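For reference, the chain that follows is the form predicted alone, supplied as structure tokens.
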């Protein structure tokens, strides 16, 4: 291990060597997957056999796997090992049907912890840090995923869990927290508690690094977080189907997220044509596990929209970078004939200084027409009862959103803290239209 890399032998592999490693691991993955009920039947029908891939570009000849496949084959249809070899599962809530569940054996968990440690090291976290994990523990992957990574790295971990803002602040001040992980929307709410207590995180804590992820957010929101806390905030990407956090991470250059290509095969496709798009073009992220034994997934359609950032990173890592997730191919909604992603609206709001930390997009039917109502919290120290200022801000927001998404919204300005907060990831859109469906 050098000062710059956690695993230099993997992180700086030449392209041809990396592709050779991917080819070997992909064929091993196919061999393992064929032992599962789902892939065994599917690949038998399509006459796909282990060892069939001779060049990594042939990945496009394999069929996709979808979230619906996982639900249809719940709970054990994707399992490639006997249950006695499995030591943990993580699962979605399953509130709308069968949950999606991912199984791990000892090798899988060790590999995940190592990737998570590699990710944190890449962002500048070291074994001398005190790391507070402000994330739910349990079936959700964010808690335990970070926990084992922090411990593998050797930093002092504080498994704080989610919520209870006053306690989070006390833990930070008592133990001298220098790094923390939380979802972006929660950090906005936590800052309001700092202010209410008469504290300034820049002066009253030792924080220097924040890791943010688990929900889409804009670069403007990241910059706000950095300004509020006086830290550098690093973008983290993961999804439970690919283990959880630790799939891709920003390095200290903060110019895209390195996706760990020795463990994942990455494709970007057009979600309509399902064909690959060139580097630099946005499309849907498709991923294949290359180092998971209990439950390999091949060509999994994540529905996340991103792109491969062309060129090399100054840090020296050769693993390609993806751009921040701009939305999901299935969270786009259509209003007045315009395709709208919630991140477009957030991008507008977070650049307006008077806007607070929360907003909500409500799709309604009014007088027989569909309308987009955007509730926006204003900063508590901005409004002083001047209605003209309020009206001017409302018009500014309306104009800027209309210019961005080409559909005029109805903007409602509300007091700070008045929009209901969810326990986990922020819910940004509700669809109350007659026959309304989020597309």
Partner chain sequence: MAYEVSIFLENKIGHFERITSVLKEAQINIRSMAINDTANGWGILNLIVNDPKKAKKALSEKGVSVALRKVIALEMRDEAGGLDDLLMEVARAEVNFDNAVGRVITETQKAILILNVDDYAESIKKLKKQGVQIIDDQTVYGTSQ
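We call the rigid core the largest set of C-alpha positions that still match within 1.5 Å between the two forms. Residue numbers count along the first chain shown, from 1. Bear in mind the structure is a predicted one, so any value in this text is a computation, not a measurement.
Another form exists, predicted in complex with its partner chain; not displayed. Remarks below refer to it.
Contact with its partner chain in the model of the complex, defined as a heavy atom within 4.5 Å, holds for exactly one of 402, 28, 379, 67, namely 379. Note on contacts: among 387, 37, 406, 52, the single residue with a heavy atom within 4.5 Å of its partner chain in the model of the complex is 387.
Every member of the trio 412, 415 and 418 reaches its partner chain in the model of the complex with some non-hydrogen atom inside 4.5 Å. Contact with its partner chain in the model of the complex, judged as any non-hydrogen atom within 4.5 angstroms, is confined among 389-397, 41-49, 28-36, 54-62 to 389-397.
Relative to the superposed core, residue 49 undergoes a Cα shift smaller than 2 Å between this form and the one not shown. Once the rigid core is overlaid between this form and the one not shown, residue 415 counts among the residues whose Cα shifts by 2 Å or more.
In the model of the complex, the separation between the C-alpha atoms of residue 283 and residue 409 shrinks by 3 Å or more relative to the displayed form.
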